[in-house]
Every structure is written in structure tokens, then in C-alpha cells.
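Coming up is one lone chain in C-alpha cells, specifically the form predicted on its own.
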């Protein structure tokens, strides 16, 4: 059971440089009625709440049943026996949960659950590209709509993209929509002596594309012994200066196992806040870079979709799109296992 004191103990060490991620005991007290009502409704309706690592920490540490990155949460959605799945993240993740659980009710509580990657390519774009690049295996990042997944062969996440593209037997790959991640895949495979013809769509994550290698140089000068952790959505010049490259959950596990005590993370600052809470004895350098879409989730909106979901918040997918998208996502699990 969540109490104001327990919640405050989890939140008090978070100092990521933005007022929306800083908490007092009084703030935690004010959150309790909403949290308690959500927990009551979860039990009443056999619902679970999946929360991405980038979502605001008061959600992460209060009502979440499962937390993690897109791959881990996709697996939890697949394994769930709940009747209702609430996905506190962005809309393409809720769609992925629906793809994996067509018989369940999947709710998106986010009123602004867009994504610069998912919004940057359409199913019609992929149909056109498949005509232009016959013989290519089309690999889509999970940051895509259900309609785009339905037009692709294999889905990947930031935690398995390198492994899966290397495993695909075809040497001709079209990767979409993240150009920067695709460039990092190309460089990674070249370092391993794997030669593939990889074509890329020109999409980016608006948060990760902002990071520049100069910021890493500055941090290394100011923090002796700092370990640099970078998300593969960053550009290759940034990735090339990193000590570790991985998904949010991979970064979390790396910090847990690392012998160092000072870190600089180049990813959305929700992860930095989470790590500050989990490892208060360690130091995390750097400023806060928010994803406006992930941070649009709120406890109030989660409560609203449990009490009275709007038509927009209920994820519905056309049956044929569902079938084809499921095949694409299942290919990911096949290659990743």
C-alpha cells in the first residue's frame, strides 16, 4: 500500500532540474486520494497499469504494476491476464499492447501521446518505399503506429535493434523511421565485420537529436571519472564518445552493476530521476531534457480512463491491420529470444 511517507522516500532524491519532478511531503499527501481511487478501480475492474521509464516519477512510484522500457513492457502486455491494460506512455505503445492483446481493453490515458518518430511516417510511405526497394526486409522501430507496423516485416526496440538486424538473413534492410539509430546500427555492424545494405528513413526523436558531442567533452572535463551512458536514438558522433549505449532498462541495469559512482545520461531525464531515487549514493551529472509527450501523462488522466474512458482513449485497431502488425511484432520476439 502506498503512503505519503513511502512515496516521498522514493521521490525526495529526484533533482533533475525541472520543478515538475521535485517533491515535498505535502505534495505527496495531496496525491494520495487520486492514487487510492486508482488502486480501488484496478482491483474492481481487473486492470493493470504499465508505465514507461520516462513517465513522471509520481506515477512510476505509485500506481504502476509494471515499469520498464518499450520491449519489457511489450512482454508484460503479452503475458498479462488482466481484462484492462492501461499504458502510461505514448500512443504507439498502447497500440502495441492492443496488437498483442486484441481481446483485452487497452486504454491510453495520455491526452497528448504523440511521438516525433511515430508521427513522422505513414503506412502509405511504407507502401511506396516497398515498391521502390523490392527485395528488402522492412524493419520498423517500435516507435511507429500499428498501421506502419502492419506494412513492415520485423519490429525492433532500442534494446534489441542491433541483435535483430544482424540476425535477419537478408542483407538488404530498410530501417525506419529513426535515421540516427539506423546510422548507429550501420556503424555497429561494420565494427563487427557484418556488411549489409541498410537504407534509412529520415526521422528522429526530437529529444535525443539535440545532444551534441561537445556536451560529453564538457562533462568529462568537469566530472573526473564520470561514466557516459547514451541512448541509441542519439547521433553517431555522440554514441561514439559514450562508455555505454543501451535502452533505458539496459542503462538502469548498467548503473546498478557499475563500480563507478558518477554518471551522465544522454536520454530523456525521467530515467535520470529514476536512478537518483534508486541509487541516492551515486551522482548523476547533467541537465533535464523532457519529452513533452511522455510527461503529458498524469494520475488524474489515469483515473479518468478507469472511471469513464473517452472513445479516443480506447485503442481500436482494424482486424486486418491487427493481424499483420501482430506478425511484425511476433517476428521481433522470435528473433530476440
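Small disclaimer: the values here were computed from a predicted structure and weren't measured. Numbering follows the first chain given and starts at 1.
From this point on, the text means the form predicted together with a small molecule, which you will not see here.
For the options 188, 208, 179, 76, the residue carrying a heavy atom within 4.5 angstroms of the small molecule in the model of the complex is 208.
This chain lacks the partner; the member of 143, 151, 184, 110 within 4.5 angstroms of the small molecule in the model of the complex by a non-hydrogen atom is 143. Heavy atoms within 4.5 Å of the small molecule in the model of the complex are found in one stretch of 132 to 140, 227 to 235, 79 to 87, 213 to 221, which is 227 to 235. Put simply, residue 297 is far from the small molecule in the model of the complex: not one heavy atom of it is within 4.5 Å. Proximity of residue 99 to the small molecule in the model of the complex: non-hydrogen atoms within 4.5 Å are absent; the residue sits far from the partner. The closest non-hydrogen atom of residue 272 lies beyond 4.5 Å of the small molecule in the model of the complex. Of the heavy atoms in residue 93, some are within 4.5 Å of the small molecule in the model of the complex.
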